[in-house]
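Shown next as structure tokens: one chain only, the form predicted on its own.
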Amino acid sequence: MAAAKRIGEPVLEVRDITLSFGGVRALLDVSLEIRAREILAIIGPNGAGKTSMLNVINGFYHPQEGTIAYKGRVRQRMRPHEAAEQGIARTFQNVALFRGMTTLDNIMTGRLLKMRRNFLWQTIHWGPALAEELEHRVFAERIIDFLEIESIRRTPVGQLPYGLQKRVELGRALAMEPELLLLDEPMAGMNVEEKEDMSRFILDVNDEFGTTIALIEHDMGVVMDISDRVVVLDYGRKIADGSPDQVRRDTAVIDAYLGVAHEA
């Protein structure tokens, strides 16, 4: 897959990032890049700093040291809503949906940053505001068709099984039309069939929309199947960065997952 793709220059560059909470260092002198149109997997044992890295990228955490450059510009203490406005969307380990709202309405919330009419127009719900909402609803319906969830479009998400809730959360992120999509354990808690479906959708998003994707995933079979490149963290440090085959054979990676010293 990777050989046939036209992976571009770095969209986001993280340089020498250190993030601490009190006396605990979550990340230590980490540098990595995410290249246009690639699928980058960030892996590592529990507590390695993977989610902390995504939180740094989307502005939820602000590192004490290091720089982040997005689309060639060094970023200064960006907040999550500013990251979203600039084309960075995010999903979470634990599903973060409005459980009482329908699938369609949850996905529509991903269009809020795209709406230009002010609050008064939205309250009146007439004229230009209504036309704008209908336009965004058409886009949301396209996302629903793409993710093959037409049958649950009017179902409150709190009534859906976990795997479908994760798919709806992906749909909400896609509704933002992101250039960079951050997925935090998109297949956690899924069975084999659900993982196969989610893997297919991630590949399709990358292929059909050209979306750059960085994901955290513990299923190494999934990582090796869908990733163009893999970054490995361990105790907050980067210990490997390369193709899936390179990382699979890396002794430092093997040691980190087995928890034993490598012997020649």
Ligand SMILES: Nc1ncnc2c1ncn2[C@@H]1O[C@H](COP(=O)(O)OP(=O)(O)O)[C@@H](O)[C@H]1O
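Keep in mind it's a predicted model, so treat the numbers as computed, not measured. Heads up: residue numbers just count along the shown sequence, starting at 1.
Below, we turn to the form predicted together with the ligand, even though it does not appear here.
The candidate site formed by 104, 109 and 140 is entirely out of contact with the ligand in the predicted bound form, as no residue has a non-hydrogen atom within 4.5 angstroms of it.
Residues with any non-hydrogen atom within 4.5 angstroms of the ligand in the predicted bound form fall in just one of 194 to 202, 223 to 231, 43 to 51, 66 to 74: 43 to 51. A single residue from the set 26, 57, 30, 39 has any heavy atom within 4.5 angstroms of the ligand in the predicted bound form; that residue is 26. Not displayed here, the ligand is kept clear of residue 86 by more than 4.5 Å at the level of heavy atoms in the predicted bound form. When the ligand is considered in the predicted bound form, residue 159 lies well away from it, no heavy atom lying within 4.5 Å. For the chain shown alone, residue 93 is a contact residue for the ligand in the predicted bound form, at least one non-hydrogen atom being within 4.5 angstroms.
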